[in-house]
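Presented below, as structure tokens, is a lone chain in the form predicted alone.
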């Protein structure tokens, strides 16, 4: 760690104004191929369109690879392969299916460092998050569902589970590998086969995962991974072979999918946007709460559907919380996501960066007070400083619209009833947080908050055994836990 001699050592120990960490870049190779074709029936196949799109790294705006663009014929070929593989895969004993999932989980663990670097380069998130959260949690989902595969008879007492058939899945760009695991693992454990489409800006780890399936010995056609843009995704969700569609992404696209599938009889799971309330009461442990607030909104640059983007603070402590938050934000390190010291990495794309900038400008135009982390941003790539707004009102866009970036809106309340009213005054209902020293208050609010997940004195805690999902415009259905498993089976 490099430093210069402090003029005031006591002040430096308190505020860290003069300390600076030397760069600590991750040196592992991500082994990214210059071009990725479609993965259909166990083989990499060039797209019939003969078209490819550039995969751009948010870290420095450089080109990482070329990703195939699948057309309707490619999607149809993937569904035919999945349909052909379904009879044998679904007829396998659960213990045998579980063996494949266990192999996949162990292979992810064996190559975790390589996959973590690829995820960081492709998506922009800090390497610490890819290494310490995304990869371990992705492997954990495969381990968890591998254990379920031979115990499906116990998932619904008095009923038996049967697979649905071929499942179409579309995943987002904020957690590419983890969302893949969330969707693939339960579908395979229940005996379904899959056609999966990753986000067009973050397809690399999905295609690397496709190669890993061959190492695991997974039978051809059980998992097919195709890439492309919106037209490809539309072909996946509307294909007549799909018995179920699972989508994670924006609320607008989710609504379009629901309209397209209306009357088809297809099962549907939607995990969409959020505008979560993180509620801090005057009896909360403030230092712990401040860390939780920072984690809730700045984790993965705020690219989290359940991010605690609305902070509701009891009026009596609002000034203290704001002061502590500003002090904590001064010490956030923003920059190269490959640096192990980085707290906040790169915004996923230029399009998302422009949306964040527009919404922040709307906050200024509507009278909110802005504070930004005094970070020096890299000259190349897509970066935005951690930001908070105080003096926010419920009518402002920054309090109502999902920003999907490192931007926090702070509102105040006086009573618990007012906190609940403001928290529920949103189109979304994915998650919420409660910070208080009273267990009775936690239990009361957890039943009053209209959110699928309520965290108490913590935030962003996930586990494969726990279901995740929302209400209202945040979608429907659950992922994870026994509830998420049942989404991929029919009860007989």
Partner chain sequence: MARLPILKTPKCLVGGAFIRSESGGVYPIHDATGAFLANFPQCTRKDLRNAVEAAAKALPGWAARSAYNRGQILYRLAEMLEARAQEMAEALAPGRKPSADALREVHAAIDRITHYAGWSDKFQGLLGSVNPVASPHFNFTVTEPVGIVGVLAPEERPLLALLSLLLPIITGGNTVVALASHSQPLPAILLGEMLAVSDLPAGVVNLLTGNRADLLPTFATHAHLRALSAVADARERTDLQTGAADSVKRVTLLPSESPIDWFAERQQGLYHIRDFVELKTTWHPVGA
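Note that the structure is a prediction, hence the values are computed from the model and not measured. Positions refer to the first chain, counted from 1.
The form predicted together with the partner chain exists for this protein as well; it is not shown, and the discussion that follows is about that form.
Using a 4.5 Å heavy atom cutoff, 159, 454 and 462 all lie near the partner chain in the predicted bound form. By the criterion of a heavy atom within 4.5 Å, residue 61 is excluded from the residues contacting the partner chain in the predicted bound form. Contact annotation: residue 258 falls within 4.5 Å of the partner chain in the predicted bound form, judged by heavy atom distances. Although the partner is absent here, residue 449 lies within 4.5 Å of the partner chain in the predicted bound form, judged by heavy atoms. Interface membership of residue 443, defined by any non-hydrogen atom within 4.5 Å of the partner chain in the predicted bound form, is confirmed. Segments offered: 177-185, 264-272, 368-376, 381-389. Contacting the partner chain in the predicted bound form at heavy atom distances within 4.5 Å is 264-272. Using a 4.5 Å cut-off on any heavy atom, the residues of 458-485 that reach the partner chain in the predicted bound form are, in sequence order, 458, 461, 462, 463, 465, 466, 467, 470, 471, 472, 473, 475, 476, 478, 482, 483.
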